[in-house]
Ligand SMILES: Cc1cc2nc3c(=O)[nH]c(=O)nc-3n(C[C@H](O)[C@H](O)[C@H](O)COP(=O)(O)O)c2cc1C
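There is one chain below, alone, in structure tokens, taken in the form predicted on its own.
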């Protein structure tokens, strides 16, 4: 009986990937289902959390506010595992206070902040025992959010979908690891068990996976979008400022090629001029988001689909549970195949 118990315990341990991040949330795997605009939904959040990771979604995926509240209630009723919400903390988001309050009331355990100061989110989340991880693309911002009390950072490197950073995650993660005292989550190009193993070796305590989950059965996007993710290669991902005014990664389609990847000169001048910037930036962002929404949710010749370079690692549409399982299995296979004591330092 004792031997059976020991064997069972070993098997259970092998099905977990313990890191600072997993211990912080009490979850099995260091996998965040990234909050993706227009893609992440209730079904995806629940499925990823139930599978052992932690699912998240952007608060602004549900509009008006009543729809957002219904989504929160639905998630809380379907899983007792930790889950999270992405809040845009830019001043242009007039909903952020309500988004935060309602998510805390519903029991969100993780908040991912983007595009502004996370001070209020950190303050209110900590009162309720929730944790805050902030999107960063450089050391300066990472140090600022650490000083504000963030529980961790999401290092968004080159290759990520959406608003990707300029630095390779191979450099960004260990660079931040050297300078910060808080956990680091790697984002940008992570869509397989091999890349999870690489991220942890670099010093990350979790990975932020978005593109892989676009090609999931739970994603409510147009089937053509999912197929495009499966069919695309890393060379099909281009950076464009045409959508939101800041560089964003999208799949190259005939429409994107026709549209071009730069803002029209008139809009660029308005965006950069001190007197018109505060009006032009929200307008550009709004028009771009409407364009993404039209393409993602229904057939459209205006095909603008957000995705990262990890499309090259996505080969089929699977359920979120199957995706998490395959990621974990490949992670363990990768780790077990690495050289161990047979590699000795020469004297």
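Numbering follows the first chain given and starts at 1. On a predicted model such as this, the values are computed, not experimentally measured, just so you know.
Below, we refer to the form predicted in complex with the named molecule, which is not included among the displayed structures.
Of the candidates 118, 189, 152, 84, 189 is the one whose heavy atoms come within 4.5 Å of the named molecule in the predicted bound form; the others do not.
Of the listed positions (215, 209, 172, 100), a single one reaches within 4.5 angstroms of the named molecule by any non-hydrogen atom in the predicted bound form, namely 209. Relative to the named molecule in the predicted bound form, residues 195, 197 and 327 are all farther than 4.5 Å at every heavy atom. Taking non-hydrogen atoms only, residue 62 never approaches the named molecule to within 4.5 angstroms in the predicted bound form. In the predicted bound form, the named molecule lies within 4.5 Å of some heavy atom of residue 159. Taking non-hydrogen atoms only, residue 49 never approaches the named molecule to within 4.5 angstroms in the predicted bound form. Residue contact with the named molecule in the predicted bound form: residue 114 places a heavy atom within 4.5 Å of it. Heavy atoms within 4.5 Å of the named molecule in the predicted bound form belong, among the stretches 63 to 71, 41 to 49, 316 to 324, 28 to 36, to residues of 28 to 36.
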